[in-house]
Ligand SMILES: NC(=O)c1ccc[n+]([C@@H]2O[C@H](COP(=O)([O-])OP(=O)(O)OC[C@H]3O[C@@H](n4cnc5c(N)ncnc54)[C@H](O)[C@@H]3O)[C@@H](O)[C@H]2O)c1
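So this first bit is one chain, no partners, the form predicted alone, shown in structure tokens.
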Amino acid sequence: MSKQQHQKKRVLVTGGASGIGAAVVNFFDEIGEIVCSADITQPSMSTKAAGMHLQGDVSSKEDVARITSMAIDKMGGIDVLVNSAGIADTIAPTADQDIETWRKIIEINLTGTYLMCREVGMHMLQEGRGSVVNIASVAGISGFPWRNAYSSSKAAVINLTRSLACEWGDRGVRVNCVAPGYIRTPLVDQLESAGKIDTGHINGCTPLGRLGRPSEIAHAVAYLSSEWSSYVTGAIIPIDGGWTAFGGRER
């Protein structure tokens, strides 16, 4: 595909106020796409496309309908949906986990992704084209002790991706998923400071020997949103420095 063939894509990114979502917003903005971010909070000053930001809760059916409608009005349509909105759990033994925390994580990470896919998907199916990229996690691929709700929500996002890809493929809409490993985001910094994770140990279990950068996830999302991946749907791509491939406790 030449530069002359490229037409600007209209991209809606949920969870675009911080972390991986903000990196996706920034990268799409840098490469010249039209970007609208959505989040329950306002974006930080580091989010370059903050001028086109919608506030709302992806676990609310009403908010999702409003966000989608406003994004279509602002951009003239939606070619790409990136579902990055999500929260982490408290990392605790199963016996110490409470059901309300479980419900909140499932509602945001899974139900929120489903509602956005459904609402934006109806628009894409009418247009006969579109690309959805869901953000899951390696926690949805491998077993993670003390993280039942988060792992379950991300595993479900992975299978939702596959189901939608099979349902919508012959109608011009591709649905794919990236599964990040440990990425250096503010959330990971907080977990590290609280002693919930040991990044030295994580680095030792990662063939590339380091945590990932949010921009590295954004690059993979951009690929799955582009014509370069026109024959890719239902794919789950770990972006984890080799973490899932290694499978050992430490090198």
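One rule holds for the numbers: they count along the sequence shown, beginning at 1. Keep in mind the model is a prediction, meaning the values are calculated, not measured.
Not pictured, yet referred to below: the form predicted in complex with this ligand.
Within this chain, residue 233 is remote from the site of this ligand in the model of the complex, having no heavy atom within 4.5 Å. Within 4.5 Å of any heavy atom of this ligand in the model of the complex lies no heavy atom of residue 176. Contact check for residue 182: a heavy atom falls within 4.5 Å of this ligand in the model of the complex. Contact check for residue 20: a non-hydrogen atom falls within 4.5 Å of this ligand in the model of the complex. Only one of 135 to 143, 118 to 126, 68 to 76, 158 to 166 places residue heavy atoms within 4.5 angstroms of this ligand in the model of the complex, namely 135 to 143. Interface residue among 36, 58, 218, 224, judged by heavy atoms within 4.5 Å of this ligand in the model of the complex: 58. Of the residues in 76 to 104, those that come within 4.5 Å of this ligand in the model of the complex through at least one heavy atom are, in sequence order, 84, 85, 86, 87.
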